[in-house]
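Before any questions on binding or motion, here is one chain by itself as structure tokens, the form predicted on its own.
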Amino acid sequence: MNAISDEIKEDYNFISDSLVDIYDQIMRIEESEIKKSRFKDITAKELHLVHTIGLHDHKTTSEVARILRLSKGTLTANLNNLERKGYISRIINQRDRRIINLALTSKGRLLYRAHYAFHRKLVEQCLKGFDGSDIKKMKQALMNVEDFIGEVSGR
């Protein structure tokens, strides 16, 4: 019984260390790739904001602020930068003119697609050799992480 407990403890430690390392490495890779790309004028945080806005959703500013857990003031400053750089546009909602929807410009859509391609390759590599049951377990594990992050962040 003690050997199993030690093995499980080792697995927990490995998973914990891996989560930290993977997050750090992904951020470093994204920042490095940005610097080498035609999108040198954007930060990793702005890249993730573009990704959150998405290709076709036309999310509202409030939706984006909630998803990214940003204050409206912080979001506005970031949106101003992205708009000035030509990645996004603001669209007044036709049903309620008080609401602002967000859209990616052609430059923003190019950036989105490049970022999406990187993440698609990452997921393909992560799931290599997995069957349907394994993928469902991985999905459940990631949902558990999202739930935990939501709980500790007050989301």
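Only the largest set of C-alpha atoms that superpose within 1.5 Å between the two forms is called the rigid core. In case it trips you up, residue 1 is the first one in the sequence shown, and so on. Remember, predicted model here, so these are calculated numbers, not experimental data.
Just so it is clear, the following notes concern the form predicted in complex with a further copy of the same chain, a form of the same protein that is not shown.
K.L.:
Is it the case that D41, even though its partner is missing from this view, gets within 4.5 Å of a further copy of the same chain in the predicted complex, heavy atoms only?
P.N.:
Residue-level check for D41: no, no contact with a further copy of the same chain.
K.L.:
Does any heavy atom of C126 come within 4.5 Å of a heavy atom of a further copy of the same chain in the predicted complex?
P.N.:
Taking the distances in the predicted complex, the answer for C126 is yes, it comes within 4.5 Å of a further copy of the same chain.
K.L.:
For D57, is any heavy atom within 4.5 Å of a further copy of the same chain in the predicted complex, or not?
P.N.:
D57: no, not in contact with a further copy of the same chain in the predicted complex.
K.L.:
In the predicted complex, does E63 have a heavy atom within 4.5 Å of a further copy of the same chain?
P.N.:
No - in the predicted complex, heavy atoms of E63 and a further copy of the same chain never come within 4.5 Å of each other.
K.L.:
Can you pick out, from R28, R97, K35, R113, the residue that has a heavy atom within 4.5 Å of a further copy of the same chain in the predicted complex?
P.N.:
The option sitting close enough to the partner is R28.
K.L.:
Just to make sure I understand: among 11 to 44, which residues lie within 4.5 Å of a further copy of the same chain in the predicted complex, judging by heavy atoms?
P.N.:
If the 4.5 Å heavy-atom criterion is applied to a further copy of the same chain in the predicted complex, 11 to 44 yields D11, Y12, N13, F14, I15, S16, D17, S18, L19, V20, D21, I22, Y23, D24, Q25, I26, R28, I29, E33, K36.
K.L.:
By the 2 angstroms cut-off, has the C-alpha of I99 moved between this form and the one not shown once the rigid core is superposed?
P.N.:
Shift of 2 Å or more: no.
K.L.:
Does K36 show a Cα shift reaching 2 Å between this form and the one not shown after rigid-core superposition?
P.N.:
No: K36 shifts by under 2 Å between this form and the one not shown.
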